[in-house]
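Before any questions on how it binds or moves, here is one chain, the form predicted alone, in structure tokens.
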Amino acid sequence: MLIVNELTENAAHEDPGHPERPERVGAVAAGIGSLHLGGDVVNVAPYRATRTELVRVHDGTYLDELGAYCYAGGGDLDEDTYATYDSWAIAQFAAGAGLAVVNEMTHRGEGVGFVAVRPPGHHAQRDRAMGFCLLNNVAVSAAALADRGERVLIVDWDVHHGNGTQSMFWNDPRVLYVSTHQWPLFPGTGVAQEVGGLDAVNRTINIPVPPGSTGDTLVRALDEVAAPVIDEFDPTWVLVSAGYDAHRADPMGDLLLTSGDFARLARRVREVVPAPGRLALFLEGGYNLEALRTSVAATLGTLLDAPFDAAPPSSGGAGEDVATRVREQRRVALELARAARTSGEDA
């Protein structure tokens, strides 16, 4: 069963010529439609996330300023990120869509959730918009789950590092953040040595890979670097920042993944889901519409055991030593972090 928010392109949030455009949601809808799920799709109406739900991860002053900026007509928030008059309301509904899907899954105790909203969220920080993102949709839902006593794993396979998500949970032991991303690339964060704050050592796992890397590199690094930590963390919920701009056809990055690779990543994620109804994916990047369509279909087809067409997974390429290199860099960083924590406790 697929539990998905009611899909709307939200054309009132648009800057002509910008890659983050309304047609992206249409591509997602086409990908879901190609699976022919019929009555196995549950559409959930989003609601406007409340201030209480948003301030778990966002600064209240930022929320006020963003709303006021939009209602004054909007404009460019930075060189990459725009807002229109309607963007504040649309962003609130995008954050609320994730909460609505998670609540429906909790009520049913079954299904896979997919939150197909725009604008995306994983670059939005506590006090600023960034990288096309206004509110951090996955973080809002993760914080709500953590406040309910859940241990939340966030897997971020977008081509860009989710700097906003990482910073929000940097010192929060209730959330484990795992990111695979191209390096170097915007936003310039996400090195392997970033392992979490003193109260959350080893709750951040970054797997930066070089341009030209293939799906083999990502899967091997997840298996060798992330899997042991995930097993120890023992999550009760899994959320995915499902960006599809690591696809080889996407204009935003230089990785070589295919739709078949996203099926492989989905299989890895499915292996760590603790129980039915505990996996929700949140749309992040993905700007080539055909690549987005086929990759969403491959992801959800894998998770729902539905037939789908996909290109063969990629192999070879750059980054053959990524897993070994990241393991060593993390080992040194973890030793330093644990020593600093012990020193602080003894002071």
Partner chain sequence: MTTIRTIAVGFDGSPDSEVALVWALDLAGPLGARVVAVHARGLLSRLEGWNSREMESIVARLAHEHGVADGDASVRVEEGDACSVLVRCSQAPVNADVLVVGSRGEGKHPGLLLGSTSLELAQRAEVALVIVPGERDAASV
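Numbering follows the first chain given and starts at 1. What you see is a predicted model; the values in this text were computed from it and never measured.
The same protein also has a form predicted in complex with its partner chain, omitted here; what follows describes it.
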{"item": "Candidate spot Asp172, Asn206 and Glu335, all three touching its partner chain in the predicted complex (heavy atom, 4.5 Å)", "value": "no"}
{"item": "Listed residue (Arg128, Arg268, Arg248, Arg151) with a non-hydrogen atom within 4.5 angstroms of its partner chain in the predicted complex", "value": "Arg128"}
{"item": "The unique member of Ile90, Ile230, Leu77, Ala144 whose heavy atoms fall within 4.5 Å of its partner chain in the predicted complex", "value": "Leu77"}
{"item": "Listed range touching its partner chain, judged in the predicted complex by heavy atoms within 4.5 Å, from 318 to 326, 290 to 298, 45 to 53, 62 to 70", "value": "62 to 70"}
{"item": "Contact label in the predicted complex: Gly164 to its partner chain, heavy atom within 4.5 Å", "value": "no"}
{"item": "Its partner chain contact in the predicted complex: Thr214, any heavy atom under 4.5 Å", "value": "no"}
{"item": "Residue contact check: Ala97 to its partner chain in the predicted complex, 4.5 Å heavy atom", "value": "no"}
{"item": "Contact test in the predicted complex: Gly253 vs its partner chain, heavy atoms, 4.5 Å", "value": "yes"}
{"item": "Its partner chain in the predicted complex - contacting residues of 147 to 171, heavy atom within 4.5 Å", "value": "His160"}
